[in-house]
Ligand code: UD1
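Take a look at this one chain, the form predicted alone, written out in structure tokens.
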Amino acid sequence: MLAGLVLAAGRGKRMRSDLPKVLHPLLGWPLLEYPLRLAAEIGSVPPTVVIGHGRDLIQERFAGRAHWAVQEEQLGTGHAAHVGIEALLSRLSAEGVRSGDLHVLVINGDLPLLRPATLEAMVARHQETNADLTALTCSKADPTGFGRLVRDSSGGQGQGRIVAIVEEPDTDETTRQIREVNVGTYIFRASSFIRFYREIGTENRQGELYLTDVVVAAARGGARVETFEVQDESETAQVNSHREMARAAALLRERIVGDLLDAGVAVDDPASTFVESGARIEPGARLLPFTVIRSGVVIESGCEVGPFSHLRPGTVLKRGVVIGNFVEIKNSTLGEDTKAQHLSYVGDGDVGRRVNLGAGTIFANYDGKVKSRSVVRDGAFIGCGTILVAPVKVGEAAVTGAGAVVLRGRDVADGGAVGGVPARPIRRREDPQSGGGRAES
């Protein structure tokens, strides 16, 4: 049995924030979301998260997503893993799972870029070799900040037995030159972890129980210790500060846009296109420069978005929608072939098919206390500068004149036309869908 364990108890002092580090947002998701999803995907039982600082906020944000183990005192990563593994064993023992049968995938909560395929290959190596412990490693161009792997010469080519993992604060001039580093991700046989955890101490500059010391104790104690090397160095990007968060965001954004291109989404300028994790964009869509697409947005095939558009959470664009310059959409659905091409805000709206939202259209969704929805039915023509004061409905094939202010509750009937401030019924002279869009009083 394989269980995922995420270490997320640290305060994250270098973030200089009261918010727990793992709740800081990274491209639309809290930092913890990334390793938690990995642990859930790879493990055969629901993951466990070790928490300490800010535990109430973390549990509230991820309610129902994991089991929790509390590290009351921050005594180091080894102690955190011990707290988590003991909690796992206690919970699973009722199901007859013994410590020798349980293997635990331990992931640091500040590693957001690890790919599922990497961990799947790591798990396969661990199982094929019947290892007691497998550690994820990487040869980095700049290993600063990571624990260095010190090996003996028994294996040749740098593949000898691990004799030490030296954390950054404890390095000397020699160990600082080592490029192979410990990534902070392991698979332990639970019984082996418990055995070798008892052998470690706090003889280091931090005075903490290091998880890396458990690895070294296992290697020295005759356990079967394997390593698996990450080939793509970007997967090992840690987040301990806002600077590192920005670097991870840049790497992640490049990956997201690259995956979209490979899937058949046209992205005119990847360097100026911002797409968050959790956005879903179908092949055949096109993104123009300086678009910002937030987590949870859905864009169907045939849509065109941008330039300078902002799609916020809850936005759904049906097939063939066109969103243009300086248009912001939030928590709204736009039906097939609808267009909003210039300088508009659509907030909390349900917009039908083949609707034209003229330049300067505003969905006034907030009255200072409550956010309400506006509905625009199929084929409606919303004139330039129209303000829809929610809650309000504009009927099928209805028209609003330029500059109209349609007040809350003053719905426009199917086929009707309104204009003025406040908007009142007017007589239509010409069908706007045939090219005119004019009305008269």
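All of these numbers come straight from a predicted model, not from anything done at the bench. Start at 1 with the first residue shown and count on from there.
This protein has a second form, the form predicted in complex with this ligand, left out of what is shown; the following refers to that one.
Candidate site formed by 7, 74 and 240: every one of these residues places a non-hydrogen atom within 4.5 angstroms of this ligand in the predicted complex. Contact check for residue 167: a non-hydrogen atom falls within 4.5 Å of this ligand in the predicted complex. This ligand is not drawn, but in the predicted complex it has a heavy atom within 4.5 Å of residue 80. Although the partner is absent here, residue 132 is not a contact residue: none of its heavy atoms lies within 4.5 angstroms of this ligand in the predicted complex. In the predicted complex, this ligand stays beyond 4.5 Å of every heavy atom belonging to residue 363.
Proximity to this ligand in the predicted complex, taken as heavy atoms within 4.5 Å, picks out 109-117 from the listed stretches 122-130, 109-117, 354-362, 216-224. This chain is displayed alone, yet in the predicted complex one of 182, 338, 332, 291 has a heavy atom within 4.5 Å of this ligand; that residue is 182. Distance criterion of 4.5 Å from any heavy atom to this ligand in the predicted complex singles out 211 from the list 104, 230, 303, 211. Contact residues in stretch 351-378 (any heavy atom within 4.5 Å of this ligand, taken in the predicted complex) are absent; none meets the cut-off.
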